[in-house]
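Quick heads-up: the C-alpha cells below are two forms of one chain, split into structure 1 and structure 2.
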Structure 1
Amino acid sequence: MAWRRQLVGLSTIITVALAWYLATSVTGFISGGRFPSPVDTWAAFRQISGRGYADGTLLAHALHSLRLVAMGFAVAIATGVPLGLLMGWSRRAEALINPVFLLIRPIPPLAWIPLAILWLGLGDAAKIMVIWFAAFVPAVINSFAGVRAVEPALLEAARMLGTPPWRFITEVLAPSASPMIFTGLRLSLQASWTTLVAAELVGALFGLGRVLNLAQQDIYPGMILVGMLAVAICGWLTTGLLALGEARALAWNQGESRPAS
C-alpha cells in the first residue's frame, strides 16, 4: 500500500501547486498584494539570489542565520548536556541547581529577546545568547531524564565489572542516556530556529529574519514567501543533519530487529 500512499501524496502536492497558480495568476481570486503568485515568487527569488535584498544575497543571509544557530546550539549543548548529566548523576547537584532552574524555566526563550538586545545590541552576540537560552532548557531536561531512566540493572552490572568512574560515565551512563539526549537536542534545534527568526524579526542587521522584516515593511509578498521557504529549508537541513548524527551515534539502539538490507 506504500505506493498508493505516495501516489495520493504526490497528487495532493500537484493539486495544491495548481490551485495556487489558478487562484493567483489565472483567476486573480487571491490578489497579488496578499499572497504572491508563483511568478512573483520566482521573480523575488531571482532578485535576492542575483542582485540581493536587504544588503545581501539569499545565500549570504541563509549562511549568516545558519552560523548563528550553529553557534548558539553548540554552546547550549556544551553547557546543557553536562549540566543535565550532572544533575541526573548526583542528587546533591540536582537539589542545588533545580530550584534556580525552575525559577528561570517558565520564562519562554523569546521573552529574553528585549533584554538581550538591551544588553548586547542588535548584533550577533544577542542572537547567540537567546538561542543558547532557548536550546539550553530541553538539553538539560532530557539529559537529566535520560540518566534517571537508565536501567538500574545496567549500573549494577557495570559496578559488578569494576568499571572505573570515568569509563563508567563515557561508556555506560552517556550511551544509555543518549537516546533521550538526542530527543532533547531535536527539541533544542527546533527552539533555536524559532528563537533566531523571532530575534531577527525584532531587530537585526542581516540574516533571514532581516529579509522577512524588510519584505514586510516593503509589502513585498513574493519576498516574504521566499524568506519563509528559506527558513523552512534551513530548518529541514539542520534537522536532517542531526538525525544523521543520531542514526550514527545510536546505531546500536536499532538492535537486531533492523533489516539486513
Structure 2
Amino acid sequence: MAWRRQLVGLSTIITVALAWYLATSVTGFISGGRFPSPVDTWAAFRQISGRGYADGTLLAHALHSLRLVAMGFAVAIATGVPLGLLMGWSRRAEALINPVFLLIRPIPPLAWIPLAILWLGLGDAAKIMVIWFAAFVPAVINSFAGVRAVEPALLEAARMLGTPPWRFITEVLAPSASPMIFTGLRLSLQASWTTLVAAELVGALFGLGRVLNLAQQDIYPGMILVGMLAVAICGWLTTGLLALGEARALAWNQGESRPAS
C-alpha cells in the first residue's frame, strides 16, 4: 500500500540522518573538514537564508536556477517533441534530419559551454542554451520511439478514414506516443538540473551553481551540502509537478489499464 511505502521511505531517511549525526558529531569518524555535521549544515543554512551568501539568499538563488531550468526545459519541449514526432511519422524527415541529429547527439551538453559563452556571453542566455541542448536530445529520442511503438493498424485506420494531418497528429499520433514522450521529459528534466549546476559553475554571478562554486573556493563544506540539498529539493519538486501533469495527460491510459469491476 501507498502508506507503507511512504513509511519505509521515511524510515530510511531517518536512519541515514542518524548515521550522519553519529558519524560526524558523536564519534568523529568523519572529520568536519571532509563532510559537514548536521550542526555545521544548519549553521550554513541559517546564514544563507538570513544574511545571504554569494550575493543572495537561498530562496533568491533557488528561484533564479528554477527560472533557468524552466526556460531551457520549455524550449526543449517545444523543439524536441515535435521534431521527434516528425521523424517518427515521416521516413523522409527521418532520412533528412537523423544524420545531423546522430552527429550532434554524442556531444556532451557541457561541451557546448565554450561556444555558448562565445555566442551569448556570460549571462543567462548561454546557460539556457546549454540546458536546452541537454534536455533536447532525450525529448527527441523518446518522442521518436513513442511514434514507432504505435500500433500500425491504428495509424492505417486513421489514414483510411481521411483524418486531416493536424487532427491526425494531435488526436492520434501524439496521444498514442504520449507515454514514451513523458518518459523522455522526465529524462530531460533530470538532464536540465545536472547541466544547470555544471553551467553555473563557470562564470555564473547568481544561482545554486554559484553557491556551490563559491563554497568550494571558501572550503565551506556546510554550505556545499546546503547547495546540494537545495538542488535535490528543487529537482524533486519539479519532477513532482511533471508527474502531476503526466497523470492528468495520461488519465485515459490509466483508466484503460484498470481492471473492470
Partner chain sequence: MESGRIKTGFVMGPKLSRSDALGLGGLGLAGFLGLWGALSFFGIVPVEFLPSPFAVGSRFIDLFAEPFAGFTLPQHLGSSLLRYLYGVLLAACIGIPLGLAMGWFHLLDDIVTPIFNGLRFIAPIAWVPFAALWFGTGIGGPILIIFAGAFPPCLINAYRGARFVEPRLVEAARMLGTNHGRMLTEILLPASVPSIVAGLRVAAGLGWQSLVGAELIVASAGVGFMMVQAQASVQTTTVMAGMVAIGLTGLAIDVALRQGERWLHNRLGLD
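Numbers given to residues start at 1 and step along the sequence of structure 1. Just so you know, these numbers come straight off a predicted model, no measurement behind them. Take the two forms, find the largest set of C-alpha atoms that superpose within 1.5 Å, and that set is the rigid core.
Colleague: Two forms of the same chain here; which is the form predicted in complex with its partner chain?
Modeller: The form predicted in complex with its partner chain is the one given as structure 1; the other form is structure 2.
Colleague: Using a rigid core superposition, assess whether F29 undergoes a CA shift of 2 Å or more between the two structures.
Modeller: Yes, because once the rigid core is superposed, the C-alpha of F29 moves 2 Å or more between the two structures.
Colleague: Aligned on the rigid core, do the two forms place the Cα of P99 2 Å or more apart, comparing between the two structures?
Modeller: P99: C-alpha displaced by less than 2 Å between the two structures.
Colleague: Taking the rigid core as the superposition reference, indicate whether the CA of G9 shifts 2 angstroms or more between the two structures.
Modeller: Yes: G9 shifts by at least 2 Å between the two structures.
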